[in-house]
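Heads up, the chain below is alone and in the form predicted alone; it's given as structure tokens.
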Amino acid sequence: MKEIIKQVFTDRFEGKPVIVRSPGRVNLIGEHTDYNEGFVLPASIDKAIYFAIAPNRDNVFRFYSYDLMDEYVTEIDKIEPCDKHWANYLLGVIAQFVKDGKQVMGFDCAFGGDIPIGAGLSSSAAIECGLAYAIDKMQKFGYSTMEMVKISQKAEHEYAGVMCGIMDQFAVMHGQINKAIKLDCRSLEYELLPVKMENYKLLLVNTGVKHSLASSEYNKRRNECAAGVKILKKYNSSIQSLRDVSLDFIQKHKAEFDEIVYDRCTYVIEENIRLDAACEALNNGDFTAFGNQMYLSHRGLKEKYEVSCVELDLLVDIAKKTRGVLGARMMGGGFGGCTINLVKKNAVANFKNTILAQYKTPEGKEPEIYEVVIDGGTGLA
């Protein structure tokens, strides 16, 4: 893909481009914990978007999307949201540099890649981080990795209109080969954990269901968690989020809770506990124990947080009954998207055949199955 994008640039533009690779990401465990100031365990992957970028003398920004076969051009002093949805992710990044007092020179950019769109692999974060990194390198601004993460997140907030947490951009920029990132969503401190996958594979199965409920239900879950914190704060004023609450403490005050709010809150507390157990399993190279935490995570998301759907549950059930599968769960906000599956390498073919035989998308099609490898974060290609 790198050579294709380089050639696309050469065919359309002039100059010698900087080439940047920016990956997608998976989240191994730790769902809906980020906005509760908890922990997540993402990793960047081998599916990525490539950028070829070089300055021009025309005082314009020219973008060409190879995947969409579409272009967008604007003058350098006219950076504002536009009606071309994909361009806003890129314009938002430029806008953040400008806000920070930087003069971004006109440039030409071709980009494209192999991250499946709408599969929950954060193609938007890959685009934002890739362009931020490319501009920084092209103009030698010298931004830190963390500063570029924040630029990319603000681009998504302000230009794409998505109030995302920081996990996606953080994982895309900080990823390392064969390492998962245990990220503290409160302090943004992180630890790299080994994921020795010699005998195992990560496979994603796309339900084919779009996340139609995700945004409205997401806000509802945030409010339910906040309502729980408000109750508990009466008994301990130092509690800022569910991160600060033990299971014993919330159980002690269960009588004060609406049943739904109690389920939401205990799910988040338990998911942080599961994530710790999963990290310990990784450090010990115990993939059976890790896979068990994945199954428990899905059960919590289904029964307590209620963000799963029939299709996700069916895929997890099929995985659980299939030889050589150590763990499976829904990944992402819920109500559709993908399951993530931990499978023994020698059982991959059987897993794929079993899924294709037993699951069809709502349109009656075979589901897309992606093998992913934990790979490095955004950088020069």
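Being a predicted model, the structure only gives us computed values, none of them experimental. Note that the rigid core is defined as the largest set of C-alphas that superpose within 1.5 Å between two forms. Just count from 1 along the sequence shown to find any residue number.
Heads up, the form predicted together with a small molecule isn't pictured, but that's what we're talking about next.
Heavy atoms within 4.5 Å of the small molecule in the predicted bound form belong, among the stretches 310-318, 31-39, 337-345, 60-68, to residues of 31-39. Using a 4.5 Å heavy atom cutoff, C164, D168 and G332 all lie near the small molecule in the predicted bound form. Shown without its partner, this chain lists Y200, Y262, Y218, F97 as candidates; in the predicted bound form, only Y218 has a non-hydrogen atom within 4.5 angstroms of the small molecule. With the core superposed, V307 shows a C-alpha displacement of at least 2 Å between the shown form and the other one.
Once both forms are fitted on their core, the CA shift for P42 between the shown form and the other one remains under 2 Å.
For F335, the Cα coordinates differ by 2 angstroms or more between the shown form and the other one after the core has been superposed.
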